[in-house]
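Given as structure tokens, the chain that follows is alone and in the form predicted alone.
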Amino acid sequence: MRTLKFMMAASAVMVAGTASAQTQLSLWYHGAGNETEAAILNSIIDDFNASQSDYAVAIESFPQESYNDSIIAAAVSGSLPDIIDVDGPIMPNWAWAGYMQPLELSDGAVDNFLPGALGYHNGELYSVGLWDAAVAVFARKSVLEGAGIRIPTLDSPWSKDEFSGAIDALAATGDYDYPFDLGMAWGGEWYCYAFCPLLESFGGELIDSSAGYQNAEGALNGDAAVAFGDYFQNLFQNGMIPGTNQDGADRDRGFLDGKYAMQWNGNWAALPAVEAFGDDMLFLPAPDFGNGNKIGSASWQFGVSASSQNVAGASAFIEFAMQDRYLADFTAGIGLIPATAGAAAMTENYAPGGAMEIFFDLSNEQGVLRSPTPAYLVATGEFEKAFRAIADGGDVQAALDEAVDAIDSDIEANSGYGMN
């Protein structure tokens, strides 16, 4: 990485003997309407603007639902801001499309960051996140012990057989509508984020990383992927998991209200569970289905647009925002995982001994990126379509083959997306 240097544009220099004006940097953010996030980010901007005399950042916020479309439209019209935020798995597509350029950060600036908070494309760092997210099996100690189920740890997760046995044992109690909940009421990015790592634990993959992400053939529809699809489908067919018609309110409250014995959910939902169940609450690692226990990683991150003429200043702001105290502020405000251990130690829930400490370790030790290729943007939609069909009882092989055909056609149409 290049050592970051503050530079002043000649146009910013005022007449001799007077102070120089700050070069204006524009920042677009996806969190319009989230007052807590806005307050934290604005405080960082105020601190940065006051900390030096070269640059001044101004923010414009957009609703998350329209943010990506706004970026694409701005890229087409040549009006991108200097600093953008981007959902981690989408970043490679935006880098490939020419929306973003590599960051210029100080040497060692990201050494202590969680891997999932760093956005690399073709070996270069394009984005950095101020937090990460992780999923876990939500369960209660008393419930598992009452059913004679071993409580797994990071070092000793459930095997496939143990996980299946736990679900069977919980179903046998007759105390729950369902022994497990995967969150089928949610759609979109949840599917790839939540389920792709489980596919990888079976030995499959969304797009073949060993072939340079040039095809999904054999990865998403090979024997391992079909085995995962069959296993996934059987959970629904055997009445172990609510299906795609799950009510959204049940997804949000089902575990808390005792309808579900266990739930696959993220750290963003952890605090209400801790408040409801206290020391009885457990956040457990993903089962190991044969190729390691894995969960998704990467959340929203900051980067510099390709059209910015102020990459040094934009990178300077991002590096300024990467301070542990600001990471801790975001964690306190919105509950997501701080991106460094130093920041985690400054928080109540993620510090050693905190109620949600396990999520930092889960992200660090189990987290896997969602196929870091520009093809992901199409592949994630095809994955959702396939696994909705599988959950609804469709032919597993046919659903996966259809997804593979669409993904591989997209990769071919884009000449492999320039992956090195």
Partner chain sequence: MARKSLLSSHNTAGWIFAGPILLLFSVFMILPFVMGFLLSMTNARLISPNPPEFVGFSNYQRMFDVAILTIDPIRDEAGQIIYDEGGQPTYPRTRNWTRNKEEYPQFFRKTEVFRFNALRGEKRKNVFLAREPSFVHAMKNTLFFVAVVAPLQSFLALGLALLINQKLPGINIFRAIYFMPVVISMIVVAFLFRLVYDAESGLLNNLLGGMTFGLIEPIDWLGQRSTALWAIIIMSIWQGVGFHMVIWLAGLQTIPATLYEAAKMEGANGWQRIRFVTWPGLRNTAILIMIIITMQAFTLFVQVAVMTDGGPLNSTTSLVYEIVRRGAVQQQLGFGSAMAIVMFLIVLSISLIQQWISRQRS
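Please read all numbers here as calculations on a predicted model, not as lab measurements. Positions refer to the first chain, counted from 1.
FYI, the form predicted in complex with the partner chain isn't displayed, but the following is about it.
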Just to confirm, G354 within 4.5 Å of the partner chain in the predicted complex by heavy atoms? no
At 4.5 Å between heavy atoms, is D250 in contact with the partner chain in the predicted complex? yes
Residue contact check: W96 to the partner chain in the predicted complex, 4.5 Å heavy atom: yes
Taking the partner chain as it sits in the predicted complex, is E319 near enough to touch it, meaning that at least one heavy atom pair lies within 4.5 angstroms? no
Work out which of the listed stretches, 153 to 161, 306 to 314, 127 to 135, 74 to 82, brings a heavy atom within 4.5 angstroms of the partner chain in the predicted complex. 74 to 82
Counting heavy atoms only and using a 4.5 Å cut-off, do E189, E200 and D208 all touch the partner chain in the predicted complex? no
Heavy atoms within 4.5 Å of the partner chain in the predicted complex is the criterion; list the residues of 173 to 194 that meet it. Y178
